[in-house]
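Only one chain is shown below, in structure tokens, and it's the form predicted on its own.
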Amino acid sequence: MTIDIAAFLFDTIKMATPLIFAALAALINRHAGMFNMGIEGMILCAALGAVTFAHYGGSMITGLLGGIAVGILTGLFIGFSHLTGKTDLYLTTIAFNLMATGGTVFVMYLMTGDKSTTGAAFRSYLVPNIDIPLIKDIPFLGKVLSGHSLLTYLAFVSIFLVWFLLYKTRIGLRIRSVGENPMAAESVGISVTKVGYIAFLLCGLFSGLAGTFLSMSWVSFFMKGMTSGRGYIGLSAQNMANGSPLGSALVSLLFGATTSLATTMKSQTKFPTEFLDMIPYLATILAIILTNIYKINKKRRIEKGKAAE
């Protein structure tokens, strides 16, 4: 099997883009003390919202804004259920994911008469690809880094923006304070509910960007179940990185590389496609196992050190 390294790395970055957005969405909720498993469904709803707004609004911009708006609305819906309605967050998000899986197909059928894709009924709009001046002319590097979707570059910029938000701003401090000790935060006048809503709003923003990328950059249409577990992989990425924005992005790139490898093997080997489709998810499971083993061993070494003292 021969691999074009430049093309492989280009695809790795492309395939990591929705994972980075999903991981950033998840880690914001994590720092606020809420493990949001509903990101999978939020991304799916945003993907349908993006192509719907683009079609009826007649432009890429309306699609982009529509996808973000749907992501935010779904985030606030889950936030309202949990923070105001006092529902269990895990059960709420599981139910939401199931609702999104069937609900997006139902809404798509109402609008297009098709239960599988909007490709035939909706006009296609794509977020433009950007050629980076100077870099695009550099051999090899230009093939890897230039020519990606505008949303791909936004994903990498967002890594710094989320880090800055969490660690260099007042609202970031409040989010982390609520996540670490909500009762202590409440005692100094911080509204835990308000901070929770802000966290869900930001989570919805990045979920909306992930969904928009899938239906307006990855492809130019919405397809049934097109998230294919990317929301869960994003959750795993931030969990492995312990909530670090940069670490989450690096793990997302690793998972993007496994997806790129599976795609390459499909065209160059005779392995069953069903087995190759397993590779990204198998890599996720193995990575989680290895990460947890490392954490357990580290904890034991610390405990032994304390016992020795």
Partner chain sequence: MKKLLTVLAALLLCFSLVGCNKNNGGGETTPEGGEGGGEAAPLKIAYFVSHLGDKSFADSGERGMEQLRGEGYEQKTFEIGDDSSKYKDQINDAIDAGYNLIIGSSSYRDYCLELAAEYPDVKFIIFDDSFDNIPDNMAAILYSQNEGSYLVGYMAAGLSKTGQVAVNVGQDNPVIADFVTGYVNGVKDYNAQFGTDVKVVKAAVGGDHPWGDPATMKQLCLDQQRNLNADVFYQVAGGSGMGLFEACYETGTWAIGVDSDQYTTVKDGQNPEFADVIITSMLKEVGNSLVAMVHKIEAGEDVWKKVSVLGLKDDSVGYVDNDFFKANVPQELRDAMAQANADIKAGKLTVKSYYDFASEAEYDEYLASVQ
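Residue numbers count along the first chain shown, from 1. Computed from a predicted structure; not experimentally measured. By rigid core we mean the largest C-alpha set that fits within 1.5 Å across both forms.
Keep in mind that the form predicted in complex with its partner chain is not shown, yet the notes after this line are about it.
Of the stretches 156-164, 228-236, 178-186, 133-141, only 228-236 has residues with a heavy atom within 4.5 Å of its partner chain in the model of the complex. At the 4.5 Å threshold, heavy atoms of I302 stay clear of its partner chain in the model of the complex, well away from it.
A120 belongs to the set of residues with a heavy atom inside 4.5 Å of its partner chain in the model of the complex. Among heavy atoms of V219, some come within 4.5 Å of its partner chain in the model of the complex. Residue contact check for M15: one or more of its heavy atoms lie within 4.5 Å of its partner chain in the model of the complex. With contact defined as any non-hydrogen atom lying within 4.5 angstroms of its partner chain in the model of the complex, H55 is the only contacting residue in 54-84. Once you line up the core between the shown form and the other one, the Cα of Y56 stays within less than 2 Å of where it was.
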